[in-house]
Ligand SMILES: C[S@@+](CC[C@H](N)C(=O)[O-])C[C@H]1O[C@@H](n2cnc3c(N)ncnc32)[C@H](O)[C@@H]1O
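Only one chain is shown below, in structure tokens, and it's the form predicted on its own.
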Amino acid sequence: MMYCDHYHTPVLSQEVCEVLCSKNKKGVVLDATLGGGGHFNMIARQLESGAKLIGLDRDPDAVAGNREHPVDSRATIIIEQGRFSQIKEILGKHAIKKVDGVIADLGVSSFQIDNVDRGFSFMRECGLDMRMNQHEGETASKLIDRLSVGELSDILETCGEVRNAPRMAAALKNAPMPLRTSGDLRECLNREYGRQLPYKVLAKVFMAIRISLNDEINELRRFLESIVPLLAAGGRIAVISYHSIEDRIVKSFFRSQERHCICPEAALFCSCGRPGQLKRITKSPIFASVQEIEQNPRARSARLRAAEKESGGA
């Protein structure tokens, strides 16, 4: 099965298209998380002749799958492989200095979750890989082997918000068997906590390891910091997150970029002259409707935040 076959049910697609395409159908739009091509295809159908649509993903399988299934669009289509931190260089390769719209869907794609070779799911037996790009870096299994109890505990707490992370980290490090598969990890935790361990806890453990392995938090911060200068005046950015860690980062960043003055609080008047960079379109996150969740249960935890580049922003 190719990457994008049967895997393009995008979350909050109508809301994303409303944010990015309602004002400008002839601009330059970047899908920074191409994945199965769900949002990419929806946006492509909205754009008009003269527009450009760029799809970016760090997963070579996603890039190959989308290239083999050309999208029907009047816009010029560009698909590239790379990380968030490489966005400026990738756009420069195509002589693109500014973009009018950006979407980043931070969730793991359906293909990655359902493909046992990728090792993202705790619901089925699979190797502990979890790399977004299987051609670089160490696997999740090797990461767990390498980390100390303290380091693993920090990851479980900061990336997964796991309660009593030191105990869980010690259980993983002191496992009687090497942790090479999802089943090994589940069995290790069952020995420590019993077989009634909630799926929610297992999900947090897998999420924490995945986030750390792929450096997702730092990549998100790099993305947010690098994309603002690349937004044209009036350009919009939409970010879909799936857990509170990511959502807090996006919310905090949008709020910080909305501030017009960064002078010390004790200053009697503004001397920095700093204009606001972004204006939030969504003061509160947009959630999927009941109908969408019924059709696509993975939309349940999705949260969309959006902002627009101020005309006076650099």
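Each residue number is its position in the shown sequence, starting from 1. Here the structure is a predicted model, which means the values were calculated and not measured.
The form predicted in complex with this ligand is left out here; the points below concern that form.
This ligand in the model of the complex comes within 4.5 Å of no heavy atom belonging to His243.
Residue contact with this ligand in the model of the complex: Pro166 places no heavy atom within 4.5 Å of it.
With a 4.5 Å cutoff on heavy atoms, Phe206 does not count as touching this ligand in the model of the complex; it lies far away. Within 4.5 Å of some heavy atom of this ligand in the model of the complex lies at least one heavy atom of Leu34.
The stretch from 276 to 284, 58 to 66, 44 to 52, 249 to 257 that comes within 4.5 Å of this ligand in the model of the complex, counting heavy atoms only, is 58 to 66. Proximity to this ligand in the model of the complex, defined as a heavy atom within 4.5 Å, singles out one entry of Lys173, Arg186, Arg83, Arg180, which is Arg83. The candidate spot formed by Gly38, Leu106 and Ser109 lies fully in contact with this ligand in the model of the complex, as each residue has a heavy atom within 4.5 Å of it.
Along 218 to 237, one residue reaches a heavy atom to within 4.5 Å of this ligand in the model of the complex: Glu219.
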